[in-house]
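Only one chain is included here, represented as structure tokens and corresponding to the form predicted alone.
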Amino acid sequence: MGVKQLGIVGQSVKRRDGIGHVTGQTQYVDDVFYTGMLWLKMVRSPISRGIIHGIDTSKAEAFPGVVTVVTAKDVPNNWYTILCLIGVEPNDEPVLAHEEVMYFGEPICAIVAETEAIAAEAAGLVKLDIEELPPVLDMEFAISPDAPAIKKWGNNTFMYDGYNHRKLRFGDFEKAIQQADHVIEGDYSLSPIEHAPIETHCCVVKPEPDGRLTVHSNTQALYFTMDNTAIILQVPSQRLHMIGGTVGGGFGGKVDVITEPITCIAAMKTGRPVKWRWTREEEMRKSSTRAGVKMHYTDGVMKDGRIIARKVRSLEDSGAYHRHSPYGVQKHMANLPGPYTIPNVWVDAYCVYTNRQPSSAMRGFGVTEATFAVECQMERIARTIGMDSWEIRLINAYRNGQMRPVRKVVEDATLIETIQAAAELIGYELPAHLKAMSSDDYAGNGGHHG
């Protein structure tokens, strides 16, 4: 069998959209304009947690240039449904809040007007009667017995198979940690991160004479957005003509199906094209973020550098609602041990709810945070036992044929070869015994290469 020829690796590849970007010819959603187009502005919660007793839109509706107001009663299925498509329930986030608010900036109602300026001014005329409640803003407090339950199911975590966290057990951690020559602990944390796309969230919807809706969106996931929008609108998906293309920057932040349902409802209600463009402040303070995470590692390490036990407790801040966080924590849990052969593993990963803006997808979310902590811990181990950083990784790197803690057999590791190539690339001379290692030399020695 011939060797497969690679035609891209090592070569410069011309971007398909590059010329359009640098010459200013690329059309973004914010460039879309229709005659008679209306503008939408959102009225948002001024507090982090509270009970809604009343929403008075009368002054806004009477303001010159305002065409309509969209409230929760206008939403056919008032739930964000982005996880129900993969079987994650219960639905917990309304499209528009009407009973309670759970984070500062939560959407309550939308003003639709002739101009963006009129919509913005009228939004300030909506009178909100909200009884403020003490917010839960700290993850450790959220899972403590003293915290009020902010979720309707009675606690402040997502429930995995009846447990308030996702468990991973492999081998016997408690026995192994007693046998270790060193017990090395480390705390690692990451703050929430905003994606900061150049183009903010933007959606334009035009109602067509045949009853369809033409939806221009800078979503990262066009079909996913179509399916969820159809579920929220309670219409057949073929009624939505989705036009995507240029995202204007996303990085995971434009998969939450936030703008499309409300803009569609506004267009259906008015019979006119409607545009909703987020301000930079909305993008920074109201859109989903990468989750804040706190991780604590306890490792049992032998004098020769073998990690024989690893225990991790991780708290990931979902913010007020699910979004994609329960799925992210699932990936997070699987990657917290790292790409290393550790025969005894104990992981507790919590998806914690607080009264912060929801977190969601961002560039390998769940995995990236775990990788950061794992590699910081590997450096801590190397320094503590006085071993070279390269060697500590190569000794523990997983090999083909080994079982990972998630019960998956490693089939194509290439981690050792990648580390060796990285050392060569930067001119670092590995000792001969490390150069001789291979991902195929698994000896089955207690889960480690001997």
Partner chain sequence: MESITVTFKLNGKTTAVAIEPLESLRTVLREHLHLHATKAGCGQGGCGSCTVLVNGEPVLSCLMLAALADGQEITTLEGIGTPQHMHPLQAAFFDRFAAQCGYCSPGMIMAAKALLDKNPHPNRAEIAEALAGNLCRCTGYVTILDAIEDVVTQMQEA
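Residue numbers count along the first chain shown, from 1. Bear in mind that the values here come from a model prediction, so they are computed numbers and not experimental data.
The discussion below concerns the form predicted together with its partner chain, not included here.
S.K.: Report the stretch among 177-185, 249-257, 316-324, 208-216 that approaches its partner chain in the predicted bound form to within 4.5 Å, counting heavy atoms only.
M.R.: Every other range fails; the passing one is 249-257.
S.K.: Pick from T200, N228, N344, T341: which residue has any heavy atom within 4.5 angstroms of its partner chain in the predicted bound form?
M.R.: Filtering the options by heavy-atom distance leaves T200.
S.K.: Have a look at A149, A196, A120, L85 for me and say which one sits with a heavy atom within 4.5 Å of its partner chain in the predicted bound form.
M.R.: It is A196.
S.K.: Would you please decide whether K435 lies within 4.5 angstroms of its partner chain in the predicted bound form, comparing each non-hydrogen atom pair?
M.R.: No, K435 is distant from the partner.
S.K.: Report whether the minimum heavy atom distance between D388 and its partner chain in the predicted bound form is within 4.5 Å.
M.R.: Answer no; every heavy atom of D388 is more than 4.5 Å from its partner chain in the predicted bound form.
S.K.: Should G427 be counted as a contact of its partner chain in the predicted bound form, where contact means heavy atoms within 4.5 Å?
M.R.: Contact check for G427: no, nothing within 4.5 Å of its partner chain in the predicted bound form.
S.K.: Find out whether any non-hydrogen atom of P431 is located within 4.5 angstroms of its partner chain in the predicted bound form, and reply yes or no.
M.R.: Contact check for P431: no, nothing within 4.5 Å of its partner chain in the predicted bound form.
S.K.: Counting only heavy atoms, which residues in 273-298 are within 4.5 Å of its partner chain in the predicted bound form?
M.R.: Going through 273-298 in order - heavy atoms within 4.5 Å of its partner chain in the predicted bound form - the hits are R277, R280.
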